[in-house]
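Single chain ahead, written as C-alpha cells, the form predicted on its own.
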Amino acid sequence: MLPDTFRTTRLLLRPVVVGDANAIFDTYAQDEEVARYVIWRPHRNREETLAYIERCVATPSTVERTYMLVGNDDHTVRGAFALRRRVPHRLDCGYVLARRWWGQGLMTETLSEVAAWALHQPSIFRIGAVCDVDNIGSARVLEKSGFVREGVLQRWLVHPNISDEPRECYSYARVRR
C-alpha cells in the first residue's frame, strides 16, 4: 500500500480530497504554461477539476495515490504528485507544480523524498518517470533527484497541448542495487 503522507522540509504530501478543487483550479489546473507538457488539457472550469479529483479518489490506494503538495508554513496547495504501482516491484510517478513555485527546488525535494522512501521498501526495486524530450525543467528535476536517464521512448505519450500525436519522452529511473 502507498503511504498516506510524506513530509519534506517545506512540504506535506497528503491525499487529494474533493475540498481541494478550488485550490487546484486556481493555482495550476487552468494555467496553459503549467499544462504544456502534461497529458491533460488545461481545465476550463471547476467541474473539470472536480471530475479529476473524483477519478483520483476512486482509484484504490494500492494502485495509485495522488498527493497534494501543501506548504508546511501556509498550508497552500502548490501542486500534485501521483505515485503509481502497476506491478509489485516498481513504481512510477508524475507531477505538476504551480508556476508561482517554479525554480525553488520544491519538486526536487519532493521527488527525492518519495524515491528514498520507495527504495527502502523491501519489495520495490525501481521508481521511474518519463518526461517529454523538450521538457528541460522536468528533466533537470529528475536528474537533481538522482534519477538516471535510460533512453528515449519513441512515440510514447500524447501531450495534447503540444500535439495530437504521440511524442518522444525520456525515460528516467532510480533503482535499488
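Predicted model, so just to flag it, every value in this text is computed and none were measured. From 1 onward, residues are counted along the sequence shown.
The same protein also exists as the form predicted in complex with a small molecule; that form is not shown, yet it is the one meant from here on.
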> Quick one: of 56, 34, 115, 70, which gets a non-hydrogen atom within 4.5 angstroms of the small molecule in the model of the complex?
Replying inline: 34
> Heavy atom within 4.5 Å of the small molecule in the model of the complex: which of 46, 149, 126, 140?
Replying inline: 140
> Is there a heavy atom of residue 83 lying 4.5 Å or less from a heavy atom of the small molecule in the model of the complex?
Replying inline: no
> Taking heavy atoms only, is residue 88 within 4.5 angstroms of the small molecule in the model of the complex?
Replying inline: no
> Is the gap between residue 27 and the small molecule in the model of the complex 4.5 Å or less for some heavy atom pair?
Replying inline: no
> Are any of the heavy atoms in residue 63 no more than 4.5 Å from a heavy atom of the small molecule in the model of the complex?
Replying inline: no
